[in-house]
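Only one chain comes next, encoded as structure tokens, the form predicted alone.
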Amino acid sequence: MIELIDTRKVFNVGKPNEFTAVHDVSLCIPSSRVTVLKGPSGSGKTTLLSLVGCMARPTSGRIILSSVRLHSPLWEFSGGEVSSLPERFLTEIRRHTFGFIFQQYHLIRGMSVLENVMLPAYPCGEPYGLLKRRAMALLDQFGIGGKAASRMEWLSGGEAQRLAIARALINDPQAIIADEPTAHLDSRLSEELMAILLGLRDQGKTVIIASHDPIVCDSQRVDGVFELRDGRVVSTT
């Protein structure tokens, strides 16, 4: 479970353009469920997503990851508050706990499909052969194994979408974070994406989506929706 307690995020603190994007939000995101952060542009859902995924620190409040277990030669984390951890520890948590699907995908042009999938795993030091086999298994799972040697920019929109999901899964994360994943997709591809994300939930992964798309927010198979307005949670379903 991921818990936020009185979490606030303020940008440009102390400056004339100071702006509070998230106002004292408290919520609980259960494990192995699909949770949607719903709201229009400017509602604070993307900022909140970045706090949940340890990509940004809150200005105040606490963020607790209660089901995360990490082990390394120098550090062991058995769940707890992450808001005040040093950046090097947050980097490890991001790398091993979360897989990210960005709105623009952020795939690397000029690199092959296979290289794009493998990229987030390189810092983990896994032998290349093992990593390549795992990446190929993911590409095959999403039906694009035959495009492994192709340049990323040669893919169709649907193939690029599946590549982004495969890349998010390369480190076998406990949670998938998706920011407006259907923003540039037609209805058919949006439905396909939701089916994949729901399938990941059924495999035990926690899925957290920021979206205002009715295909996402109104899905009967979504487990919970937090609606945001002006940086505050205004309803929960």
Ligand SMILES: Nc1ncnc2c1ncn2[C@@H]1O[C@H](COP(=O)(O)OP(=O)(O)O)[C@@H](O)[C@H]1O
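Residue numbers here begin at 1 and follow the sequence given. Model, not experiment: these values are computed from the prediction.
One more form of this protein should be noted, the form predicted in complex with the named molecule, which is absent from this view; the next part is about it.
- For the chain shown alone, Gln203 is not a contact residue for the named molecule in the predicted bound form, no non-hydrogen atom being within 4.5 angstroms.
- Contact annotation: Gly53 falls outside 4.5 Å of the named molecule in the predicted bound form, judged by heavy atom distances.
- Contact check for Thr182: every heavy atom lies farther than 4.5 Å from the named molecule in the predicted bound form.
- Among heavy atoms of Gly42, some come within 4.5 Å of the named molecule in the predicted bound form.
- Listed residues Ser190, Thr35, Asn171, Thr46 were compared with the named molecule in the predicted bound form; Thr46 is the one with a heavy atom within 4.5 Å.
- Along 1-21, a non-hydrogen atom within 4.5 Å of the named molecule in the predicted bound form is carried by Phe11, Asn12, Phe19, Ala21, in order along the sequence.
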